[in-house]
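First comes one chain, alone, set out as C-alpha coordinates in the form predicted alone.
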(Lines give C-alpha, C1' and ligand atoms only; values in the text may rest on other atoms or scores of the structure.)
Protein backbone atom coordinates (compact mmCIF):
# COMPACT_ATOMS: atom_id res chain seq x y z
CA UNK A 1 0.00 0.00 0.00
CA UNK A 2 1.42 3.38 -1.04
CA UNK A 3 1.07 6.38 1.23
CA UNK A 4 0.81 9.95 -0.06
CA UNK A 5 3.06 12.47 1.63
CA UNK A 6 1.19 15.63 2.59
CA UNK A 7 2.83 19.04 1.95
CA UNK A 8 3.41 19.44 5.68
CA UNK A 9 5.14 16.07 5.83
CA UNK A 10 7.67 16.71 3.05
CA UNK A 11 11.27 16.90 4.03
CA UNK A 12 12.84 20.35 4.19
CA UNK A 13 14.38 21.27 0.83
CA UNK A 14 12.36 18.65 -1.08
CA UNK A 15 10.96 19.73 -4.43
CA UNK A 16 7.26 19.55 -5.13
CA UNK A 17 6.20 17.28 -8.00
CA UNK A 18 6.39 19.14 -11.36
CA UNK A 19 8.38 22.05 -9.87
CA UNK A 20 11.83 23.11 -10.97
CA UNK A 21 14.60 22.57 -8.47
CA UNK A 22 16.33 25.71 -7.14
CA UNK A 23 19.27 26.68 -9.28
CA UNK A 24 18.23 24.44 -12.16
CA UNK A 25 17.96 26.18 -15.59
CA UNK A 26 14.42 26.88 -16.73
CA UNK A 27 13.26 25.58 -20.13
CA UNK A 28 12.98 29.13 -21.51
CA UNK A 29 16.52 29.87 -20.46
CA UNK A 30 17.87 26.91 -22.37
CA UNK A 31 20.18 28.01 -25.19
CA UNK A 32 18.66 27.97 -28.68
CA UNK A 33 20.76 26.40 -31.35
CA UNK A 34 20.01 27.58 -34.91
CA UNK A 35 19.89 24.80 -37.39
CA UNK A 36 22.73 24.53 -39.90
CA UNK A 37 22.32 26.76 -42.94
CA UNK A 38 20.07 29.31 -41.19
CA UNK A 39 22.40 32.24 -41.86
CA UNK A 40 22.87 31.19 -45.46
CA UNK A 41 19.11 31.07 -46.01
CA UNK A 42 18.73 34.53 -44.51
CA UNK A 43 21.43 35.94 -46.77
CA UNK A 44 19.85 34.24 -49.78
CA UNK A 45 16.47 35.76 -48.96
CA UNK A 46 17.88 39.27 -48.56
CA UNK A 47 19.80 38.81 -51.80
CA UNK A 48 16.61 37.90 -53.67
CA UNK A 49 14.67 40.93 -52.50
CA UNK A 50 17.64 43.32 -52.86
CA UNK A 51 17.09 44.13 -56.62
CA UNK A 52 13.40 44.93 -56.09
CA UNK A 53 14.18 46.94 -52.96
CA UNK A 54 16.85 48.96 -54.78
CA UNK A 55 14.49 49.69 -57.68
CA UNK A 56 11.69 50.74 -55.34
CA UNK A 57 14.05 52.97 -53.42
CA UNK A 58 15.54 54.56 -56.55
CA UNK A 59 12.38 55.02 -58.62
CA UNK A 60 9.56 55.30 -56.05
CA UNK A 61 10.60 56.40 -52.57
CA UNK A 62 13.46 58.77 -53.40
CA UNK A 63 11.51 60.59 -56.17
CA UNK A 64 8.53 60.89 -53.82
CA UNK A 65 10.69 62.41 -51.09
CA UNK A 66 12.41 64.69 -53.61
CA UNK A 67 9.08 65.78 -55.08
CA UNK A 68 7.74 66.61 -51.63
CA UNK A 69 10.76 68.79 -50.97
CA UNK A 70 10.67 70.52 -54.37
CA UNK A 71 7.03 71.53 -53.84
CA UNK A 72 8.19 74.12 -51.28
CA UNK A 73 10.94 75.63 -53.46
CA UNK A 74 11.25 77.65 -56.66
CA UNK A 75 13.24 74.97 -58.49
CA UNK A 76 13.14 74.86 -62.29
CA UNK A 77 14.26 72.12 -64.62
CA UNK A 78 17.00 74.26 -66.17
CA UNK A 79 17.83 77.54 -64.46
CA UNK A 80 21.01 79.43 -63.48
CA UNK A 81 19.33 80.67 -60.31
CA UNK A 82 19.93 78.73 -57.10
CA UNK A 83 17.02 76.87 -55.55
CA UNK A 84 15.32 78.81 -52.76
CA UNK A 85 12.72 77.85 -50.19
CA UNK A 86 9.43 79.66 -50.92
CA UNK A 87 7.09 77.95 -48.45
CA UNK A 88 3.53 77.48 -49.66
CA UNK A 89 3.74 79.91 -52.59
CA UNK A 90 3.31 77.10 -55.14
CA UNK A 91 0.17 75.85 -53.41
CA UNK A 92 -1.29 79.35 -53.19
CA UNK A 93 -0.65 79.78 -56.92
CA UNK A 94 -2.16 76.34 -57.62
CA UNK A 95 -5.41 76.95 -55.76
CA UNK A 96 -5.77 80.32 -57.50
CA UNK A 97 -5.22 78.79 -60.96
CA UNK A 98 -8.52 78.30 -62.86
CA UNK A 99 -6.87 75.67 -65.07
CA UNK A 100 -6.28 73.46 -62.03
CA UNK A 101 -9.92 73.66 -60.99
CA UNK A 102 -11.00 72.91 -64.56
CA UNK A 103 -8.67 69.90 -64.58
CA UNK A 104 -10.13 68.71 -61.27
CA UNK A 105 -13.65 69.11 -62.66
CA UNK A 106 -12.73 67.16 -65.80
CA UNK A 107 -11.23 64.31 -63.77
CA UNK A 108 -14.30 64.19 -61.53
CA UNK A 109 -16.59 64.07 -64.57
CA UNK A 110 -14.47 61.34 -66.14
CA UNK A 111 -14.46 59.22 -62.96
CA UNK A 112 -18.19 59.65 -62.24
CA UNK A 113 -19.05 58.31 -65.71
CA UNK A 114 -16.33 55.70 -66.16
CA UNK A 115 -16.51 53.96 -62.77
CA UNK A 116 -20.16 52.75 -62.93
CA UNK A 117 -20.34 52.23 -66.70
CA UNK A 118 -17.04 50.38 -67.04
CA UNK A 119 -17.66 48.19 -63.99
CA UNK A 120 -21.17 47.29 -65.22
CA UNK A 121 -19.92 46.51 -68.73
CA UNK A 122 -17.08 44.39 -67.36
CA UNK A 123 -19.52 42.48 -65.12
CA UNK A 124 -21.85 41.83 -68.06
CA UNK A 125 -18.93 40.51 -70.12
CA UNK A 126 -17.84 38.29 -67.22
CA UNK A 127 -21.33 36.85 -66.88
CA UNK A 128 -21.40 36.06 -70.60
CA UNK A 129 -18.13 34.16 -70.62
CA UNK A 130 -18.71 32.44 -67.26
CA UNK A 131 -20.44 29.63 -69.14
CA UNK A 132 -19.22 26.40 -70.66
CA UNK A 133 -19.87 26.50 -74.37
CA UNK A 134 -17.88 26.04 -77.55
CA UNK A 135 -15.62 28.99 -78.34
CA UNK A 136 -15.70 30.57 -74.87
CA UNK A 137 -11.91 30.92 -74.84
CA UNK A 138 -12.08 32.80 -78.14
CA UNK A 139 -14.47 35.36 -76.70
CA UNK A 140 -12.36 35.71 -73.56
CA UNK A 141 -9.35 36.48 -75.75
CA UNK A 142 -11.26 38.99 -77.88
CA UNK A 143 -12.62 40.81 -74.83
CA UNK A 144 -9.19 40.98 -73.21
CA UNK A 145 -7.25 41.93 -76.36
CA UNK A 146 -7.59 45.74 -75.97
CA UNK A 147 -6.03 45.53 -72.50
CA UNK A 148 -2.74 44.08 -73.76
CA UNK A 149 -2.56 46.69 -76.53
CA UNK A 150 -0.59 49.82 -75.65
CA UNK A 151 -2.76 52.79 -74.72
CA UNK A 152 -0.70 54.96 -77.05
CA UNK A 153 -1.45 52.64 -79.98
CA UNK A 154 -5.14 52.50 -79.07
CA UNK A 155 -5.29 56.29 -78.77
CA UNK A 156 -3.71 56.74 -82.20
CA UNK A 157 -6.20 54.33 -83.77
CA UNK A 158 -9.17 56.07 -82.20
CA UNK A 159 -7.68 59.43 -83.13
CA UNK A 160 -8.07 58.54 -86.79
CA UNK A 161 -11.54 57.12 -86.14
CA UNK A 162 -12.64 60.38 -84.50
CA UNK A 163 -11.52 62.60 -87.36
CA UNK A 164 -14.09 64.59 -89.31
CA UNK A 165 -13.69 62.18 -92.22
CA UNK A 166 -12.93 59.21 -89.97
CA UNK A 167 -14.54 55.80 -89.66
CA UNK A 168 -17.14 56.77 -87.06
CA UNK A 169 -18.57 59.64 -89.10
CA UNK A 170 -18.51 57.54 -92.26
CA UNK A 171 -20.51 54.80 -90.53
CA UNK A 172 -23.00 57.33 -89.17
CA UNK A 173 -23.46 58.84 -92.61
CA UNK A 174 -23.80 55.45 -94.30
CA UNK A 175 -26.35 53.92 -91.92
CA UNK A 176 -28.41 57.11 -91.77
CA UNK A 177 -28.34 57.50 -95.60
CA UNK A 178 -26.61 60.85 -95.25
CA UNK A 179 -29.08 62.30 -92.73
CA UNK A 180 -26.55 62.36 -89.87
CA UNK A 181 -23.27 64.17 -90.30
CA UNK A 182 -20.86 63.29 -87.53
CA UNK A 183 -19.30 65.92 -85.29
CA UNK A 184 -15.67 66.92 -85.10
CA UNK A 185 -15.37 64.80 -81.98
CA UNK A 186 -12.01 65.85 -80.58
CA UNK A 187 -12.15 69.52 -81.60
CA UNK A 188 -15.49 70.29 -79.98
CA UNK A 189 -15.48 71.03 -76.22
CA UNK A 190 -18.89 69.36 -75.90
CA UNK A 191 -17.79 66.02 -77.39
CA UNK A 192 -14.05 65.79 -76.64
CA UNK A 193 -14.35 64.36 -73.13
CA UNK A 194 -17.21 61.94 -74.00
CA UNK A 195 -15.08 60.67 -76.88
CA UNK A 196 -12.17 59.97 -74.51
CA UNK A 197 -14.56 58.33 -72.04
CA UNK A 198 -15.84 55.92 -74.72
CA UNK A 199 -12.28 54.99 -75.69
CA UNK A 200 -11.23 54.46 -72.07
CA UNK A 201 -14.19 52.23 -71.23
CA UNK A 202 -13.63 50.08 -74.33
CA UNK A 203 -9.92 49.68 -73.63
CA UNK A 204 -10.00 48.81 -69.92
CA UNK A 205 -13.25 46.86 -69.55
CA UNK A 206 -11.49 43.57 -70.36
CA UNK A 207 -9.11 43.91 -67.43
CA UNK A 208 -11.89 44.28 -64.88
CA UNK A 209 -13.83 41.54 -66.67
CA UNK A 210 -11.08 39.14 -65.55
CA UNK A 211 -11.43 40.34 -61.95
CA UNK A 212 -15.21 39.87 -62.06
CA UNK A 213 -14.75 36.44 -63.63
CA UNK A 214 -12.43 35.35 -60.82
CA UNK A 215 -15.04 36.47 -58.30
CA UNK A 216 -17.83 34.62 -60.12
CA UNK A 217 -15.86 31.39 -60.19
CA UNK A 218 -15.19 31.62 -56.45
CA UNK A 219 -18.93 31.33 -55.67
CA UNK A 220 -19.94 27.78 -54.79
CA UNK A 221 -22.14 26.02 -57.32
CA UNK A 222 -24.13 24.45 -54.49
CA UNK A 223 -25.70 27.83 -53.79
CA UNK A 224 -27.06 28.01 -57.33
CA UNK A 225 -28.34 24.43 -57.09
CA UNK A 226 -30.17 25.27 -53.87
CA UNK A 227 -31.64 28.39 -55.45
CA UNK A 228 -32.86 26.40 -58.47
CA UNK A 229 -34.49 23.84 -56.19
CA UNK A 230 -36.32 26.69 -54.46
CA UNK A 231 -37.60 27.85 -57.86
CA UNK A 232 -35.54 31.06 -58.03
CA UNK A 233 -35.38 32.76 -61.42
CA UNK A 234 -32.13 33.86 -63.03
CA UNK A 235 -32.65 37.41 -61.79
CA UNK A 236 -33.25 36.24 -58.22
CA UNK A 237 -30.18 33.99 -58.43
CA UNK A 238 -28.11 36.99 -59.46
CA UNK A 239 -29.65 39.24 -56.81
CA UNK A 240 -29.46 36.89 -53.83
CA UNK A 241 -26.53 34.61 -54.72
CA UNK A 242 -24.21 36.21 -57.26
CA UNK A 243 -24.27 39.84 -56.14
CA UNK A 244 -23.68 39.15 -52.40
CA UNK A 245 -20.94 36.67 -53.30
CA UNK A 246 -19.14 39.35 -55.29
CA UNK A 247 -18.81 41.76 -52.35
CA UNK A 248 -14.98 41.48 -52.00
CA UNK A 249 -14.63 41.68 -55.78
CA UNK A 250 -16.80 44.80 -55.93
CA UNK A 251 -14.49 46.62 -53.55
CA UNK A 252 -11.41 45.73 -55.59
CA UNK A 253 -12.98 46.74 -58.90
CA UNK A 254 -14.27 50.01 -57.47
CA UNK A 255 -10.88 51.04 -56.10
CA UNK A 256 -8.87 50.07 -59.19
CA UNK A 257 -11.20 51.79 -61.66
CA UNK A 258 -11.30 54.95 -59.55
CA UNK A 259 -7.51 55.18 -59.29
CA UNK A 260 -7.12 54.57 -63.02
CA UNK A 261 -9.75 57.20 -63.79
CA UNK A 262 -8.09 59.81 -61.60
CA UNK A 263 -4.75 59.11 -63.29
CA UNK A 264 -6.06 59.87 -66.80
CA UNK A 265 -3.12 61.00 -68.96
CA UNK A 266 -2.17 58.91 -72.02
CA UNK A 267 -5.38 59.47 -73.97
CA UNK A 268 -5.28 63.22 -73.36
CA UNK A 269 -1.59 63.52 -74.21
CA UNK A 270 -1.95 61.68 -77.52
CA UNK A 271 -5.36 62.85 -78.72
CA UNK A 272 -6.16 66.37 -77.45
CA UNK A 273 -3.21 67.79 -75.42
CA UNK A 274 -5.75 69.10 -72.92
CA UNK A 275 -7.88 70.93 -75.45
CA UNK A 276 -10.04 72.24 -76.84
CA UNK A 277 -10.31 75.12 -74.37
CA UNK A 278 -9.02 72.93 -71.51
CA UNK A 279 -12.08 70.70 -71.82
CA UNK A 280 -9.96 67.53 -71.50
CA UNK A 281 -7.05 68.68 -69.37
CA UNK A 282 -6.41 66.61 -66.24
CA UNK A 283 -4.36 66.97 -63.06
CA UNK A 284 -1.68 64.56 -64.22
CA UNK A 285 -1.46 66.24 -67.62
CA UNK A 286 -1.09 69.63 -65.96
CA UNK A 287 1.70 68.30 -63.76
CA UNK A 288 3.59 66.88 -66.75
CA UNK A 289 3.07 70.01 -68.83
CA UNK A 290 4.24 72.28 -66.01
CA UNK A 291 7.24 70.14 -65.17
CA UNK A 292 8.60 69.35 -68.64
CA UNK A 293 7.17 71.86 -71.12
CA UNK A 294 7.21 74.88 -68.84
CA UNK A 295 10.18 73.52 -66.80
CA UNK A 296 8.57 74.48 -63.49
CA UNK A 297 9.45 71.38 -61.51
CA UNK A 298 8.51 72.94 -58.19
CA UNK A 299 5.00 73.82 -59.38
CA UNK A 300 4.62 70.37 -60.93
CA UNK A 301 5.67 68.83 -57.62
CA UNK A 302 2.99 70.83 -55.84
CA UNK A 303 0.37 69.56 -58.29
CA UNK A 304 1.56 65.99 -57.78
CA UNK A 305 1.45 66.34 -54.01
CA UNK A 306 -2.11 67.66 -54.09
CA UNK A 307 -3.08 64.83 -56.45
CA UNK A 308 -1.55 62.27 -54.07
CA UNK A 309 -3.55 63.65 -51.15
CA UNK A 310 -6.78 63.58 -53.21
CA UNK A 311 -6.26 59.95 -54.27
CA UNK A 312 -5.40 58.98 -50.70
CA UNK A 313 -8.57 60.59 -49.34
CA UNK A 314 -10.80 59.06 -52.00
CA UNK A 315 -9.28 55.61 -51.48
CA UNK A 316 -9.76 55.92 -47.72
CA UNK A 317 -13.41 56.91 -48.15
CA UNK A 318 -14.03 54.03 -50.56
CA UNK A 319 -12.34 51.59 -48.21
CA UNK A 320 -14.49 52.83 -45.33
CA UNK A 321 -17.72 52.56 -47.31
CA UNK A 322 -16.91 49.08 -48.65
CA UNK A 323 -15.51 47.66 -45.41
CA UNK A 324 -16.77 44.42 -43.92
CA UNK A 325 -19.54 45.22 -41.46
CA UNK A 326 -20.38 42.90 -38.56
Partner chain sequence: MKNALRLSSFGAMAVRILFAAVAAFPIVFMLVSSLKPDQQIFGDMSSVAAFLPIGNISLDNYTAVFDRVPAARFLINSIGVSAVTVVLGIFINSLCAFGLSRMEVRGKRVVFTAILATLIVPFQTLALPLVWWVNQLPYFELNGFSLEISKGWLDTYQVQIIPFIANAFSIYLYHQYFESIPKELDEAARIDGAGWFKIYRQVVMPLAGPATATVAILTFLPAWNSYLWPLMVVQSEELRPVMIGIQYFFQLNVSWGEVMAYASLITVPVVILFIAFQRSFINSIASSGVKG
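All figures in this text were calculated on a predicted structure; none of them were measured in a lab. By rigid core we mean the largest C-alpha set that fits within 1.5 Å across both forms. Numbering follows the first chain given and starts at 1.
The next section is about a form of this same protein that is not shown, the form predicted together with the partner chain.
- Annotation: in the model of the complex, residues 41, 58 and 265 each come within 4.5 Å of the partner chain through at least one heavy atom.
- Taking the partner from the other structure, the partner chain in the model of the complex has a heavy atom within 4.5 Å of a heavy atom of residue 269.
- Taking the partner from the other structure, the partner chain in the model of the complex has no heavy atom within 4.5 Å of any heavy atom of residue 102.
- Although the partner is absent here, residue 312 lies within 4.5 Å of the partner chain in the model of the complex, judged by heavy atoms.
- Using a 4.5 Å cutoff between non-hydrogen atoms, residue 91 does not count as a contact of the partner chain in the model of the complex.
- Segments offered: 146-154, 108-116, 189-197, 92-100. Contacting the partner chain in the model of the complex at heavy atom distances within 4.5 Å is 146-154.
- Note on the partner interface in the model of the complex: the residue among 159, 254, 227, 204 having a heavy atom within 4.5 angstroms of the partner chain is 159.
- Listed residues 171, 180, 223, 86 were compared with the partner chain in the model of the complex; 171 is the one with a heavy atom within 4.5 Å.
- After superposing the rigid core, the Cα of residue 273 is displaced by less than 2 Å between this form and the one not shown.
- With the core superposed, residue 53 shows a C-alpha displacement of at least 2 Å between this form and the one not shown.
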